[in-house]
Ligand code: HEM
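Below, in structure tokens: the form predicted alone, a single chain.
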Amino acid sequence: MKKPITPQLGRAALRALFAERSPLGPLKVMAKHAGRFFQIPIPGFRPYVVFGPEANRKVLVTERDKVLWRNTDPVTDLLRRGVLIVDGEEHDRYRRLMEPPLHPSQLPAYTEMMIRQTDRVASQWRDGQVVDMLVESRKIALLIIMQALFSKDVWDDLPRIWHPILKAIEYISPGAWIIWRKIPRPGFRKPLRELDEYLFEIISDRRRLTIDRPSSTVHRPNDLLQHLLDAGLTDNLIRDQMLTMMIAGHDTSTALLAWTFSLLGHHPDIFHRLIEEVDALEKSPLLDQVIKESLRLYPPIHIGNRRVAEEIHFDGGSVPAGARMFYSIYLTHRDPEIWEDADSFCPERFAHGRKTPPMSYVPFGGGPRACIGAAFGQAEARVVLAHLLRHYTFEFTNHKIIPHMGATLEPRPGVRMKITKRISVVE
């Protein structure tokens, strides 16, 4: 049976909110008291929260047909019919079209491009300059995702699309709209229209290229955009998939890179060991462990928002049909029943092929709808981080960082680091 959320617990949750300046604080308080199943006690907003391996298995695998990804919220308004927020055969069709360019076998072909785009951003840094690695990581991730999936070099277009992209992310980030769906939200229409116009231009240019050279393989990239065009999707549907991958693909990589820099900055001993290993080895085991531990502590997609189509039973209670339910990856990844020193940064917990209980480590979800770009995102992080660490030193400025629940879980107000180009680099 689930434990009730008492007034005393409500006050403790409120204190945690003010102390951590994040809703993650109250969630941890409620989870500690109530366990892996509870209901948030806010008038007009009473979603169920579940976490842990059993809940993950049900939501993602064994009873996934009882939950719907499509909601009546700004994510659906923005992405329309994007693969991320449709269900059933429609989702399966789009996913089949989109998997080939992101298949692990394709990843080696992207390595040189990832390094080239990283260098373009880093070339703007001056020795001794303090830069925000949240911002710089976003630039790198945007350049990479647009080139990889749409063969579009957006370097010169960054000033044009930067603000619209940030507004799109803000539009779908948690806010008062969660409780008051009809709350006015001014300031979004123009930037979102500008982002649409940019994507439609890319689609139009590619269609024109296809018409001009219908039989040419030299000038037709074998990328995601071409797969969508060849499948006969309308421009609007292509726009929906492009925007889904553009936002989800770059924002998750941005968060992963930025949190990794933050964690390394807070743990200089591990940072120094990592630099030594990256210099000495082409493939650093410690770098893989650091990335995995960063994903454990700060999973970019830290919570899943679902509508329940059919009642689901969990240890602790049931979620009725029609209810809103969150499954929390963040709480699973910090569950002390699963992880020793759950809140500590300990990359070695992933050393030597150590295994965790099934469905207890799910930074990319799981089951048939696991993140389509999981392998790409991890490969990107390895390439970018190794390249930067071999060529620059990063000195953390020791400012306070808190996790912000945006479209992804990101470090706010940023990750400020003093950058210096390394004089002697071991290749």
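For every residue, the number given is its place in the sequence shown, counted from 1. All of these numbers come straight from a predicted model, not from anything done at the bench.
The discussion below concerns the form predicted in complex with protoporphyrin IX containing FE (HEM), not included here.
The three residues Leu102, Leu256 and Cys371 all sit with a heavy atom within 4.5 Å of protoporphyrin IX containing FE (HEM) in the predicted bound form. Within 4.5 Å of some heavy atom of protoporphyrin IX containing FE (HEM) in the predicted bound form lies at least one heavy atom of Trp69. Residue contact with protoporphyrin IX containing FE (HEM) in the predicted bound form: Leu60 places a heavy atom within 4.5 Å of it. Protoporphyrin IX containing FE (HEM) in the predicted bound form is approached by Ile301, whose closest heavy atom lies within 4.5 angstroms of it. Residue contact with protoporphyrin IX containing FE (HEM) in the predicted bound form: Arg95 places a heavy atom within 4.5 Å of it. Screening Ile312, Leu286, Met146, Val83 for any heavy atom within 4.5 Å of protoporphyrin IX containing FE (HEM) in the predicted bound form leaves a single hit, Val83. Think of it this way: in the predicted bound form, protoporphyrin IX containing FE (HEM) has a heavy atom of just one of Lys139, Arg306, Lys152, His227 within 4.5 Å, and the residue is Arg306. Figure note: of the listed segments 182 to 190, 271 to 279, 353 to 361, 240 to 248, the one touching protoporphyrin IX containing FE (HEM) in the predicted bound form, with heavy atoms no more than 4.5 Å away, is 240 to 248.
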